[in-house]
Ligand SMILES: Nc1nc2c(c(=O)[nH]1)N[C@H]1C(S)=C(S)[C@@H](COP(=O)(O)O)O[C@H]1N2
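Consider the single chain below, provided in structure tokens and representing the form predicted on its own.
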Amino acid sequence: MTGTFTGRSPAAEASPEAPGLSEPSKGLTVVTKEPYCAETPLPELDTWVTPTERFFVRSHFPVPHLDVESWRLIVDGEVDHPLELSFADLMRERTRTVVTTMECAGNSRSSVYPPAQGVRWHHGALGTARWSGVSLWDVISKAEIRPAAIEAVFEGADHGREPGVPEELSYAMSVPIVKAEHPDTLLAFEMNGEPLTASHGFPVRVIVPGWYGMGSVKWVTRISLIDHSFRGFFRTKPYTFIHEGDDPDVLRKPVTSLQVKSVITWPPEGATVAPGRIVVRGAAWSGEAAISRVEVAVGLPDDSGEGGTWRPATLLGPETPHAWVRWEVPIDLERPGYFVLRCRATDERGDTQPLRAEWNFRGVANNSMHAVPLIVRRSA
């Protein structure tokens, strides 16, 4: 099953003012203050659905103050009948709910070596939520999209300046038409059963399951259908794979689908435990296929990425097409000492999480194996 229809949403009666205008810093680790970016400590990700107040926040510019009364969505470009829709217009469409895992493309950037450019996320720019809204295609298809259209460009109401760019920018990102057509690609107005907070895109944002979070544009106000590849700043600069020696003026491969990846959510890094059995828990996900296997090893890897004995973890439900799977495995640590736990995931396409992901200048899509050091001590 993919998304589910839930009928009219409580967001229809949402306050015209954006809920939660103050930034949700409680329980999150602030990475940058301006713009506000904050991640979730991994032990707080030890549930299938991440509470909204514990969900990471990624902003490129200051949060715009919008309200449902004046908000409008423009649909234009390669269409025969451009649209201007109000929030009330959107609420007349059938509601759909999708549970999906969202990961920032820069997640785990702080572990990249040599250091990469960008926000220094640890591993917590990640979360899974229930998003409710309307299927994007149900809305934009009413504009009668022309056959020439190959991409949909989402533009948010947030704007500001980026280093090295002379003019002010609005945040914008594109997806191919085939992704826009998928029924689970949403114009969302609810997160975990409540209206979106300001930091998460109130009143309406895009949700693109299976892609890194840069595609799920917040505060969306315009969708343009275009007959060429989008050349906007965020699509061609920050969210591309830039390798050593690349020409800065040549277009590169864009970041799109989530790479196969897993993290350990328990025990936390640097924990002290008593000798004996512990249950290691975590999450695994992939944008292209379901997770088929997760393994955990104790000990540092050798040059091949092996070392130690890999133990298969038990995959826990529920299983949905776009959300992570939870997993756990008992590990016996009988003697005192300093140890390292490592995890790796494999999906049904046969892609396995590497020891170290290939280096790129922006440190995007880093799916290197997650390692957690811990101490075994009799007095724990």
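Start at 1 with the first residue shown and count on from there. What you see is a predicted model; the values in this text were computed from it and never measured.
In what follows, reference is made to the form predicted together with the ligand, a form of this protein that is not presented.
None of 217-225, 174-182, 281-289, 261-269 except one has non-hydrogen atoms within 4.5 angstroms of the ligand in the model of the complex; the exception is 217-225. Not one of Arg130, Trp324 and Trp327 places a heavy atom within 4.5 Å of the ligand in the model of the complex. Note on the partner interface in the model of the complex: the residue among Val57, Cys343, Leu45, Ala313 having a heavy atom within 4.5 angstroms of the ligand is Val57. The contact residue chosen from Phe87, Tyr239, Trp137, Phe230 relative to the ligand in the model of the complex is Tyr239, the criterion being a non-hydrogen atom within 4.5 angstroms.
Among residues of the shown chain, Asn192 is not one whose heavy atoms approach the ligand to within 4.5 Å in the model of the complex. Interface residue remark: Leu187 is not counted as part of the site for the ligand in the model of the complex, having no heavy atom within 4.5 Å. Using a 4.5 angstroms threshold between heavy atoms, Met102 counts as touching the ligand in the model of the complex.
Taking the partner from elsewhere, Gly213 is found to have a heavy atom lying within 4.5 Å of the ligand in the model of the complex. For the stretch 128-156, the set of residues having any non-hydrogen atom within 4.5 angstroms of the ligand in the model of the complex comprises only Gly156.
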